Ligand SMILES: Cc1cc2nc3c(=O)[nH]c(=O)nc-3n(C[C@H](O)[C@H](O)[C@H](O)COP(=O)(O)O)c2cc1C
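Okay, so here's just one chain, in structure tokens, the form predicted alone.
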Amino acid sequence: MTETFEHPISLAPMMKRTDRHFRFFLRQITRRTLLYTEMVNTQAILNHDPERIIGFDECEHPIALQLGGADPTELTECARIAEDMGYDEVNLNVGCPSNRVKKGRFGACLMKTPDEVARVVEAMQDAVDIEVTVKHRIGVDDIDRYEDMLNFVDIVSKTGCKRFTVHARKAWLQGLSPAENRDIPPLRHPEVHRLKQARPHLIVETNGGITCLDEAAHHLEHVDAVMIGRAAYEDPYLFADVDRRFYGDETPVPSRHKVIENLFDYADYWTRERGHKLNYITRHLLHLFSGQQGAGRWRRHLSEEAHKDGANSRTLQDALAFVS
């Protein structure tokens, strides 16, 4: 693998999870992890205020915007908007298997048309100076041989695209729901390892089912980077040792309590200045104390109180009193 790659660990884009509040929260735990937005449809950006749809806090750097779409003109314009807003990277989704995505002819179905993906990626690259990357599946439907994936990567990489994040499960576009597509097709990480070995000049990242840092370290013996998804949401403090272990950053990591204290001003800004309900933020915090004494009371208090009018940082302080 390329030992000098600057982003060995990243947060996977997850719908309804990796919004700006979760990313800000996770940034209190890890300073170095590359953060991805949720997948955002190009139409949502072009038809609404981009700041409302894809705005982010400066502390979130390094941060990548993942786009869903297939129209080169729309994707190019969204890439320009992302660059103007200060994103560090724009990523094309070629892996989502949802029905809505299929109807829009983007996501995982694009793996069937690598030449089309190459044209889109080339158009985006011509429009911006920030990096354009691709996240794709290991295969789709019956196009699922290792040779098929290699062909897809070879065609797209001819545009100059250097980084490919591979969800190491194939996608079944007929018969499986998006949730089932995250679990039922078996993981095939060795084929992602093989891709890196076959194309050492490319930056290859593996994704899928990685639940702990030891697993990440194992994969990093074979690929350049590891993307962690659901485990980041279900156990966010897992990332407390990422900076030291994978980036050599010895900056002390705040305790779980300190992480929440660091959110007090943030919570008050969004509730008092922006008019958001506190539970927009706290829904992402419920698992921070998993396994700790009082974790159940922490979750219960936030679940019962954070949606109420007037809930703010005081609500967080009260919830903290339940965990030792």
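Residue numbers here begin at 1 and follow the sequence given. None of these values were measured; they are calculated from a predicted model.
Only in words, not in the display: the form predicted together with the ligand, which the text now covers.
For a residue to qualify, one of its non-hydrogen atoms must sit within 4.5 Å of the ligand in the model of the complex; none of 7, 62 and 133 qualifies. For the options 30, 42, 282, 66, the one in contact with the ligand in the model of the complex, meaning a heavy atom within 4.5 Å, is 66. Heavy atoms within 4.5 Å of the ligand in the model of the complex are found in exactly one of 283 to 291, 258 to 266, 33 to 41, 46 to 54, that being 33 to 41. In the model of the complex, none of the heavy atoms of residue 193 sits within 4.5 Å of a heavy atom of the ligand. In the model of the complex, none of the heavy atoms of residue 139 sits within 4.5 Å of a heavy atom of the ligand. Residue contact check for residue 17: one or more of its heavy atoms lie within 4.5 Å of the ligand in the model of the complex. Although the partner is absent here, residue 311 sits far enough away that none of its heavy atoms falls within 4.5 Å of the ligand in the model of the complex. In the model of the complex, not one residue of 236 to 255 has a heavy atom within 4.5 Å of the ligand.
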